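Consider the single chain below, provided in structure tokens and representing the form predicted on its own.
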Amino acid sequence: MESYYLFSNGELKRKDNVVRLTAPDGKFKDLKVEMTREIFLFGEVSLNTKCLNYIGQLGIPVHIFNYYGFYSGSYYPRESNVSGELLVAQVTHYADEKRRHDIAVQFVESASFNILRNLRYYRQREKDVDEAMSEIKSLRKKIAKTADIQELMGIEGNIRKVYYQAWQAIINQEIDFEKRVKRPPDNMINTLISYVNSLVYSSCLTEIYKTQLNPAISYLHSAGERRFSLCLDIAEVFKPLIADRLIFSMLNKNIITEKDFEREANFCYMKKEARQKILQAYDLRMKETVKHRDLGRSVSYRHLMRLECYKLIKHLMNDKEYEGFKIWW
């Protein structure tokens, strides 16, 4: 299965049994729908209901990004994998504060463990991250002792704050990065984080769609209206492995530099060529494989996300207690 990243402007429509993107100059690209996992739209693309119906029938999510490369939203086809029993279990675990907290703790435990693995990797390369590691280890001891989700989110936020402060030591380029700013990102690092994290969120949503989980019911993040918050939960676990490592690699190899960004009055955005370079690297990273220690076979980073969904389902159905993904290599 392939993910399609479409940067051209034009019209996306059904043509017989394919989906065709036709550019204003008449050139077109046919998508092999039977081999399409998801579609990312970065250009100005118009679609008609006939096309959306066809994409929906095939169960292909479409993720939409605006002119500046920031994530706008997703077209999520009608659920075909539905389970009333699992939905009830999801809601029951969300409504029960202790059960919800137990799951949320696992997300934060795993995410912070994976953050420490990143820092350990750079400490071995003589980067000065000892103080950050020590602070994060201290904060991690408080995770299981938190009384509620709000306190847990506070610990998670503090861990991220310490982690981001260590990026000055990890990244070889001169960077202006003191804190995380999201809306809108105000410098190159915040822009990079927003962009790559949105790719991870989108991929998590695609993998959730392949299971019977409802993406609107989450545990660490609040299950608010009009958002798929479960992909935010699962993405927390994978951002250190996929997003952060990708950013470190591209900056330290000078594949992305300050020249790849443009500034407006109060925000910073990436040029189109830079976004394409990152997408290529992201796609390759998602296809990377590791030998799974329990399954005894190689699995891709993307499939690790799906396995996380299955582990959560087992927990919700009282089959096996959920333990979040932790980097083991």
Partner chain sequence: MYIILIYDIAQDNGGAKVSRNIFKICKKYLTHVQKSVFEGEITPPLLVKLRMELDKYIRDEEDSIIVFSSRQERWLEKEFWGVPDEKTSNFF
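Everything numeric in this text was worked out from a predicted model, so none of it was measured. Numbering follows the first chain given and starts at 1.
The protein also exists as the form predicted together with its partner chain; that form is not presented, and the subsequent description refers to it.
> Even though the partner isn't displayed, in the model of the complex is Q280 close enough to its partner chain, meaning a heavy atom within 4.5 Å?
Yes, Q280 is a contact residue.
> Using heavy atoms and a 4.5 Å limit, would one call E262 a contact residue for its partner chain in the model of the complex?
Contact with its partner chain, no.
> Just checking whether D16 would be counted as a contact of its partner chain in the model of the complex - the rule being heavy atoms within 4.5 angstroms.
Yes, D16 is a contact residue.
> I'd like to know if F325 sits close to its partner chain in the model of the complex, meaning any non-hydrogen atom pair within 4.5 angstroms.
F325: no contact with its partner chain in the model of the complex.
> Counting only heavy atoms, which residues in 25-57 are within 4.5 Å of its partner chain in the model of the complex?
Counting only heavy atoms within 4.5 Å of its partner chain in the model of the complex, the contacting residues of 25-57 are K27, F28, K29, D30, K32, V33, E34, M35, Y54.
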